[in-house]
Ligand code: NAI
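In C-alpha cells, one chain follows: the form predicted alone.
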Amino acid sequence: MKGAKVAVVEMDKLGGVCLNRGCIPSKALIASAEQYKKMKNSAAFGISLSAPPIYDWLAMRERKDKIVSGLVGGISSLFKSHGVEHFSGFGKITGKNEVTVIDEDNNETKLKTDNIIIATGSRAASIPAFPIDGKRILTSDHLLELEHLPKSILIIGAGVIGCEWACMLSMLDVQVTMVEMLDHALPMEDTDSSKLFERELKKMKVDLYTKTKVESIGPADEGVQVKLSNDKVINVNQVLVSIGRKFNTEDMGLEEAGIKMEKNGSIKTTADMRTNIKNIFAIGDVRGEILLAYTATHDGTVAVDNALGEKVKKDYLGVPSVIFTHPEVASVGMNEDEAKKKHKELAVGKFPLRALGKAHAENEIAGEVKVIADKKTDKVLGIHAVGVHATEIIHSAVVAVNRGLTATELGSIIFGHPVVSEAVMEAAHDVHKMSVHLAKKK
C-alpha cells in the first residue's frame, strides 16, 4: 500500500501461530463449548430441549479447521491483491541484504532486499522435567488436534493459555485440575480480577492448586500420575504443559549477521523495531516484550514505516489484555499493586455485573468492572473487567487510558442501555462514590 516491493517467507501455513494454532482455532472451540453450555442451561431461558444436548468433538474440530482454512485463504488472496510475493520455505539471513529460502526439497532461493523484517514468533515452551510426547503430555498445539477429549486432565500453569483451556475443557465435561507456582490464577492480572475468576473456576468444579509445583510426572494405568509439592498425588488421563513460550530464533543466521540477542533468546530492538543492524528489524513475539498478536501487528506498522524512511516509535500506552475464559477477563493500564507503587494515593471504583439488567437478561451476572484513578489528578490509571463480553467492553476503557481521561470524564460519557459496558461508566462514577445504581456506602 506504500509502494514497496514485498516478499514474505513462511515455512508453514500463512497466518502464523495466531491464525493456525493460537487465537483463532482456540476461540472457535471456545465458542462451541459455550454454545454447548448454553444448551445445557436452556431451561433458564424458558427453553426445554426434548433430549439432553450431546457435543461432537470431531465436528467441533472440523468447524474450527474450516474457519482457519478460510482465513488462511483470505491472507493468500490479500497477498495477490497487493502484489506481495510469497515464498514457501525456511528463511535464513545470509547477508546484510540477503535472505536465503530453503524449501521442503532443500532447494535454495536467494532474495536480495533493502530491508529485512524478522517476524518468526514463538512456540510452546517445554522443560526436560515434563517430556512432551503428544500422547499423554501435551502442549496446546496437541490439544487442537486430539481425536477425542480425555475424561480428566491436569494443566501445569494457570496463565492465559492454561486458564482458557481449563474453562473450555470444563464446559465440555472434562475434569480439570490446575497447578500454578504463583499466588493466583492469571497472576499478571489485577489481584481482585484473579480472585473473582478463581471463584468462578470453583463453581465450574475446576481444582486449582496455587503456590504449588509439580514434583514429578510418571505413567499410570489410565494415563499419568502427577506428584505435587503439597504432597498430593493426582491421576489423570493427560497433562497439558502451559508454562510459557520460546522464541523462534534458532538457525536463522542471526549470530552470523551480528544481530544482538537477549539472554532468553529474543531479539534486542529499539523502540523503532530496529535491531543493531540498521536495515534489519524484528517485530512481535520474537522481540520478547509483549507476546500478543495485536501488538505484533502494531510492531509491524512501526517497522514498515521506519524501513521506508519515516521516523516512528512504538506506542504501547493502553494495550488491552483480553482473556477468553468463562467468564472473560480483560484489562488495560496498571493493576492496583502497580498503581500503588507509582502514585501516592488512589481512588478506586467498582461496579458488579449483577447490578446490570443486560447481564441478567443473558443469565451471566458473575463479574465486575474496576476503575483505578489517581486521587489527586483523577486520571484513569487502569481498568479491569471480569464477566460476559469483558473482552469487548474493555475497548472503551482502552480509549480512556490511551487518551489520559479522568474518571469524571469517563463517567460523563453517555453509554447505551441496556449494555454490559455500562459497568465501565458506573465504575467510573463509583471512583467518587457517585454511582446511583449502587447502595449508598456508609
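As the structure is a prediction and not an experimental result, all values here were calculated from the model. Start at 1 and count along the sequence shown; that's the residue number.
From this point on, the text means the form predicted in complex with the named molecule, which you will not see here.
| task | May I ask you to state whether A307 is within 4.5 Å of the named molecule in the predicted bound form, using heavy atom distances? | result | No, no contact at 4.5 Å.
| task | Please check if T212 has a heavy atom lying within 4.5 Å of any heavy atom of the named molecule in the predicted bound form. | result | The answer is yes: T212 has a heavy atom within 4.5 Å of the named molecule.
| said: Would you classify A271 as touching the named molecule in the predicted bound form, given a 4.5 Å non-hydrogen atom cut-off? | reply: No.
| task | Please run the contact check for S242 against the named molecule in the predicted bound form: heavy atoms, 4.5 angstroms, yes or no? | result | It does: once the named molecule is placed as it appears in the predicted bound form, S242 has a heavy atom within 4.5 Å of it.
| Out of 285-293, 299-307, 342-350, 250-258, where are the residues with a heavy atom within 4.5 Å of the named molecule in the predicted bound form? | One stretch meets the cut-off, namely 285-293.
| Contact assignment for the named molecule in the predicted bound form, among I118, V332, I156, C167, heavy atom within 4.5 Å | Only one option qualifies, and that one is I156.
| message | Between G357, G74, P187, G134, only one gets a heavy atom within 4.5 angstroms of the named molecule in the predicted bound form; which residue is that? | response | Of G357, G74, P187, G134, the residue with a heavy atom within 4.5 Å of the named molecule in the predicted bound form is P187.
| said: With the distance limit set at 4.5 angstroms and only heavy atoms considered, check whether C18, F90 and L146 all reach the named molecule in the predicted bound form. | reply: No, none of the three is in contact.
| task | Select from 312-343 the residues with a non-hydrogen atom within 4.5 Å of the named molecule in the predicted bound form and write them out in sequence order. | result | If the 4.5 Å heavy-atom criterion is applied to the named molecule in the predicted bound form, 312-343 yields V322, I323, F324.
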